[in-house]
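There is one chain below, alone, in structure tokens, taken in the form predicted alone.
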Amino acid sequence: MIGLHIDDVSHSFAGRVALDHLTVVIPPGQVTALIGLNGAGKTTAMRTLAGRLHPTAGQVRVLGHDPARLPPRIASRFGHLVDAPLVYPELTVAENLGCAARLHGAVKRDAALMASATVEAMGLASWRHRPARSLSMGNRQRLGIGSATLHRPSALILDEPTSALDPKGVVLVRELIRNLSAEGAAVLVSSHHLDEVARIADEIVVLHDGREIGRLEPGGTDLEQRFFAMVLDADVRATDARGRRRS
């Protein structure tokens, strides 16, 4: 079974094209990264997979199912963090993680054990009993990632997971993603950090103006140069196409 599947998906907001016939297939055990400039369509693609947005055309599947209608047994194997971390500001770090575990099907005793283990794994032990509203942006990000992954999901999407993290947190999340992938999870991440993408991704999909304009090999030292060359080429071709239409 394909873990995550975006199949010929298009979407528009008030006449503006956000996604244009995008297809991405992520099998179990693979980490795929979406990269692109602001407005490229990365978050829109992830919102469709999270079931928050119904695409104008095409379809998305999470573990073979429509994400807007996931059966409980499938939902318990799915993890996602899109836009801001989903945490309850009035609850403590441990309480937030316990709630996340229960929402993913864990019984009360197991949920407490999962929460405790995740507090340690995410480096949040010093804030275990602090309300989430008092956390720094980076620790709030750690909490959100912990809530999305403590049940060891089979399919996972993370939108800019390291954007607010310090170097120690970046390494921690990098290891978490690679470990989940090694366990067989299909993982989709978006990022502006090309160097970090190269460390975690098996495949890099480049988006520009809602379209896939190519794929990059994660290896090599010139990833940023290759990315900008690809974007520039796409802009030149689009400009030429508009000129031909006008003439």
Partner chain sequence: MSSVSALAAALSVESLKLRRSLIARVAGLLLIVLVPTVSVGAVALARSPLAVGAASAKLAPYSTGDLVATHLLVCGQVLSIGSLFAAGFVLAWSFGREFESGSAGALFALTVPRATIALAKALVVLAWSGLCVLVTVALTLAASAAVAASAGASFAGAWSGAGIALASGLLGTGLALPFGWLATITRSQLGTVGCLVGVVALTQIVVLLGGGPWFPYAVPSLWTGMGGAASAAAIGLPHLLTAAAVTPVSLFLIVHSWRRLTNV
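Numbering follows the first chain given and starts at 1. Just so it is clear, the model here is predicted, and its values are computed rather than measured.
As for the form predicted together with its partner chain, it is not shown, yet the points below apply to it.
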{"property": "Non-hydrogen atom contact L86 with its partner chain in the model of the complex at 4.5 angstroms", "result": "yes"}
{"property": "R52: touches its partner chain in the model of the complex, heavy atom cutoff 4.5 angstroms", "result": "yes"}
{"property": "Contact of P167 with its partner chain in the model of the complex (heavy atom, 4.5 Å)", "result": "no"}
{"property": "is_contact(E90, its partner chain) in the model of the complex, heavy atom dist at most 4.5 Å", "result": "yes"}
{"property": "Partner-contacting position among A57, L37, A68, A182 - heavy atom within 4.5 Å of its partner chain in the model of the complex", "result": "A68"}
{"property": "Which of 22-30, 205-213, 44-52, 183-191 sits within 4.5 Å of its partner chain in the model of the complex, heavy atom basis", "result": "44-52"}
{"property": "Its partner chain in the model of the complex - contacting residues of 54-80, heavy atom within 4.5 Å", "result": "H54, P67, A68, L70, P72, A75, S76, F78, H80"}
